[in-house]
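The chain below stands alone, shown as structure tokens; this is the form predicted alone.
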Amino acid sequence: MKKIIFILLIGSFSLVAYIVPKQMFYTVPKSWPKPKYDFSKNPLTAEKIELGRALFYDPILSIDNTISCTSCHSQFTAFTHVDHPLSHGIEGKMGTRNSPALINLAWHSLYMWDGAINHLDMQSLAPITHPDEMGSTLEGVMRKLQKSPVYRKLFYKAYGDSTITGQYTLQALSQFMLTLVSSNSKYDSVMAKKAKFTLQEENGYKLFQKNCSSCHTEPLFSDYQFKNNGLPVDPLLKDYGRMKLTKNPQDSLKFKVPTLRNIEFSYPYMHDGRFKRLSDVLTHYAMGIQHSNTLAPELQKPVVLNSVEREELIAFLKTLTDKTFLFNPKFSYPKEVLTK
């Protein structure tokens, strides 16, 4: 078979992948670690990504056709939501946590704030079946998709089979989410020696390396571990994090460390969306940390910054904004498919 070269655009970088005849090979940004996701078990193709993108934006996944993945994961806000602290679902129901930003998911090994899902291919099943989110069943979604001429065509293109299955649906959603790679911020340009920080940003970077980098490790800006960052328990939600899943007291108040990439646009912050501004987050680490037996070792001492240092650190954090990611048409609503 003829080898075809496929160009995958992530941000403004051209990443070359080869298709034989359709398969795409995931290209890792230079100097990044190897992804955790096993692509051999769900090989990327342009057709599967197209299908996953359509499913991601289609409210057909919810029981009443009102909620799509993008209802809580909007591209322009780094694939999270900003209009309320907690996720909202069908019939105006409210969830118990803020939606995580969907960025660089191939490098995760566990998903959700508490690590309840251990594989990206199963991640979408959680919101689809949660009664306060999409409130549906995988069987119910399959029945609706099977009735759609558009989806029968898309599944045939992707899998050579117009029979729609739950496995194909979940894997296609994974395929699209795997393409949500953010690696083209000013920070990345500086690291590639194609740009320079301002003096304020440079000072902020030094502050970041001193105070933040042990948890928000470069270049992904998270170590993806579960840590207690000293947040007092919300008296209404009473969310103790990973302990709810593991039943281990040592996991009390531990939540997954989020990435700081595109943090300027992914507010509100923390697992329950309690902070609206980056300055609120810095105030927490300066004077709001609640000590307990499971508090992260890195936070045993408060992170106290003066007003100039706070501005410098925030200036650096804004260099992690990747506008080519936020406005990449390859990640946007697929009107060419869903409006047919």
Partner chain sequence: MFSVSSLFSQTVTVNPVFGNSNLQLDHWYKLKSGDSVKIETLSFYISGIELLNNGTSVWKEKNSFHLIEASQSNAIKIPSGIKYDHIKFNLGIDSITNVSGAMGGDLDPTKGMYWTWQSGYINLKLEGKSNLCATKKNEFQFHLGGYQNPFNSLQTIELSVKENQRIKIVLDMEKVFAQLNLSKQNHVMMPCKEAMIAAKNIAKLFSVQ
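Predicted model, so just to flag it, every value in this text is computed and none were measured. Numbering follows the first chain given and starts at 1.
Another form, the form predicted in complex with its partner chain, is not on view; read the next lines as being about it.
J.: Would you mind picking the one in 276, 291, 41, 34 that has a heavy atom within 4.5 Å of its partner chain in the predicted bound form?
T.: Looking at 276, 291, 41, 34 one by one, just 41 meets the 4.5 Å heavy-atom criterion.
J.: Of these, 231, 86, 122, 215, which has a heavy atom no more than 4.5 Å from its partner chain in the predicted bound form?
T.: Only one listed residue qualifies here, and that residue is 122.
J.: How about residue 118 - does it come within 4.5 Å of its partner chain in the predicted bound form, if we only consider non-hydrogen atoms?
T.: It does: once its partner chain is placed as it appears in the predicted bound form, residue 118 has a heavy atom within 4.5 Å of it.
J.: Taking 4.5 angstroms as the cut-off for heavy atoms, does residue 171 touch its partner chain in the predicted bound form?
T.: It does: once its partner chain is placed as it appears in the predicted bound form, residue 171 has a heavy atom within 4.5 Å of it.
J.: Although its partner chain is absent from this view, report whether residue 246 comes within 4.5 Å of it in the predicted bound form, heavy atoms only.
T.: Residue 246: yes, in contact with its partner chain in the predicted bound form.
J.: Hey, in the predicted bound form, does residue 139 get a heavy atom within 4.5 angstroms of its partner chain?
T.: Residue 139 belongs to the contact set for its partner chain.
J.: Heavy atoms within 4.5 Å of its partner chain in the predicted bound form: which stretch in 88-96, 177-185, 195-203, 109-117 meets that?
T.: Selected stretch: 109-117.
J.: Is any part of 165-189 within 4.5 angstroms of its partner chain in the predicted bound form by a non-hydrogen atom, and which residues would that be?
T.: Stretch hits, in order: 165, 166, 167, 170, 171.
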